[in-house]
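The form predicted on its own is given below as one chain in structure tokens.
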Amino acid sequence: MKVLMLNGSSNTNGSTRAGLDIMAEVFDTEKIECEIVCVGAKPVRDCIGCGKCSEKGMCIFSDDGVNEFVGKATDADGFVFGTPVYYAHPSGRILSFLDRAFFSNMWGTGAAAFRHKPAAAIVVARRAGTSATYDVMNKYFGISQMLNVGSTYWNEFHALSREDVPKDAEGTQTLRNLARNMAWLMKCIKAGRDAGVTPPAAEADSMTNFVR
């Protein structure tokens, strides 16, 4: 089994990465493979709503890692998306990245890359804005038939730098418990699949617009 993690900070080795590393240590003890992908500091294109992904099965832009991430997602069994808090909101770069990753995955051969798989968002801030950021991130999972994994508190921790992360005892505890819950759920899903339990097929015939 494998967990694919996304670091949505432009600082590839900052506090967001520290939180992901804490969870990765737990996954390692659970014998679950873990890969961390960094969005990084290079420009990330926003979705332009061109609809070309419905024809190509992937985003039309291929110069910033989104299509590569979706390719990796196909083989992943679970996901963790990490972001810093900017003005009580996720980083703009992770939102642009995920908008295109999830939109482009709605069609084509890779359309099941996220569906029916466990996911969790983790957010870090110096002080405030974590709950609003957490709420935004969770909306990707709810519309994609993913299984939102919880912990013993909202998946947030507080730090200004990587060195601050261990000082938030409850925050780091929340991350470890989150990783254990995800590992358990992934194993339950595998056991069900091995026993012949298959995911439900969703209805997809109706799409209603509110503009008349």
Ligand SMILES: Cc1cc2nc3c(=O)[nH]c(=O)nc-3n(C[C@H](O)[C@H](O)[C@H](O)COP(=O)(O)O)c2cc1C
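Just count from 1 along the sequence shown to find any residue number. Just so it is clear, the model here is predicted, and its values are computed rather than measured.
Same protein, other form: the form predicted in complex with the ligand, not shown, and the subject of what follows.
A heavy atom within 4.5 Å of the ligand in the model of the complex is found for exactly one of C50, A41, L160, A169: L160. Only one segment in the set 137-145, 79-87, 94-102, 113-121 has any non-hydrogen atom within 4.5 angstroms of the ligand in the model of the complex, and it is 79-87.
Looking at the ligand in the model of the complex, residues T29, I32 and G150 place no heavy atom within 4.5 Å of it. Along 118-154, a non-hydrogen atom within 4.5 Å of the ligand in the model of the complex is carried by V124, A125, R126, R127, A128, in order along the sequence.
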